[in-house]
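In the form predicted on its own, a lone chain appears below as structure tokens.
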Amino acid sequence: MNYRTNDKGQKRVTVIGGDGIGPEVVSATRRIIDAAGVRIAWEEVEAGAEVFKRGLPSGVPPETIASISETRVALKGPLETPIGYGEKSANVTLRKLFETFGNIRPVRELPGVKTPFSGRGIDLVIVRENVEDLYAGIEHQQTPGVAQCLKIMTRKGCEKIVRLAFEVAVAEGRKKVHCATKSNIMKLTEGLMKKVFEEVAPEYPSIEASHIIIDNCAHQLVRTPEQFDVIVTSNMNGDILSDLTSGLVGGLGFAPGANIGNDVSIFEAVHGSAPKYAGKNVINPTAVLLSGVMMLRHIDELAAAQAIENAVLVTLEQGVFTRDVVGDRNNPASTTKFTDAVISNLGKKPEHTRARDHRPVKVPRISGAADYVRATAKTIGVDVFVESPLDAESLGRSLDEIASALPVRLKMISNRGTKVYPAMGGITDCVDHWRCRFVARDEVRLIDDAAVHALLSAVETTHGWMHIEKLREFDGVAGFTKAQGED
């Protein structure tokens, strides 16, 4: 069970009002859910800007963590990510702490919300991996002018998000799932998601499965968005695409979201805290409200969820719009007026728009073993990242000489991904960050740790190194890529 009840039979939900406009839109959502007759025990806690200001770097206090650990469900307003203090985003911290690995962001054309795409029948879902990829946040300043961010993608993470995407399609009666990756360039990381997608897809024979390159996906979304049903993608790609798709149907004021995990789920809008509008009673609460609808489905309140979604559609059909839709000069509804209108429309059904039927999403549960993938591995070389002001030819000759007495040889040097030694005759604008690839002098021999240690000891007598990567094969397949121009 993904939620808890109290001794009165009420379903317990942690609620975080958030920053800026958050308290207003969360309060509106709570009013509507309560008016729909759902018996929820709201547990109010805090996170975000005020917590950062008190000196807690994560922005998430222990009592908030404790509440979510108990209730297993949270409704959250937008949180500020401070500039100049604090550490990680409190939003990302919450997602990672509770392994809410899947971010579900539905996008649908809504009645009366006019956009250049009105009438196209847009109705799709972005299913975004939510805890790894570049958002693992592992960065290093390797030289004064070169920074690195590690793109972490795992077989386990890819399998969980791919399976979740297919389960979303099943639960909502959808027919197609596209997997959007940049696997033509990042063949090991983004390629892993493509590979897992193609392995899992046959388990869902009723769902049409297609792979699409992410840039083509973005292109197609602004040409023929109605062709898409479910799009599953990696963390950063999904962050970008979900904002793009919300723009197709009226903006972030209509963009709900759910962070789904096996044990905890957190529901929040896609939009930010918009501090300049805080306290003015002008903000569209629909995104958080529809996130609340997703939460109700998650805690098995399907009838109430449908009633609220219908009431939102009726309200929009009646022409009750906030300022983000009609502007300031066209008598926009206040947050309060819009909320009151939705409450008055509970029990009604829209005349021209049909709410999609939903069944509970079956969240995939995959083995928690750390060694989720096992393979026969061997090390055939090592990349040593060297900081040096030398040119490629001088550095290469120096490293050739250093390695001459070792069981390894210098195969090549690359700079910013392009082979520069031995010279290829091209023009590369180099920086002081060199990837120096060493392989066994005797190609039958493997590289052991003793050889790596000896190499590093020899290199550091003349040059500074800041990072190494072993070149490994797994079940005979190379677990590394070649530089541009490397043979």
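A residue's number is simply how far along the shown sequence it sits, counting from 1. Since this is a predicted model, take the numbers as computed values, not measurements.
The discussion below concerns the form predicted together with a small molecule, not included here.
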query: The small molecule contact at L252 in the predicted complex, heavy atom, 4.5 Å; finding: yes
query: E167 within 4.5 Å of the small molecule in the predicted complex, heavy atoms; finding: no
query: Contact label in the predicted complex: I16 to the small molecule, heavy atom within 4.5 Å; finding: no
query: Close approach of G272 to the small molecule in the predicted complex, 4.5 Å, heavy atom; finding: yes
query: Y277, F117, F385, Y204 - the one with a heavy atom within 4.5 Å of the small molecule in the predicted complex; finding: Y277
query: Interface residue in the predicted complex among E159, E309, D133, E80, criterion: non-hydrogen atom within 4.5 angstroms of the small molecule; finding: E80
query: Candidate stretches 283 to 291, 312 to 320, 357 to 365, 205 to 213, one within 4.5 Å of the small molecule in the predicted complex by heavy atom; finding: 283 to 291
query: Output flag, I21, E268 and D324 jointly within 4.5 Å of the small molecule in the predicted complex, heavy atom basis; finding: yes
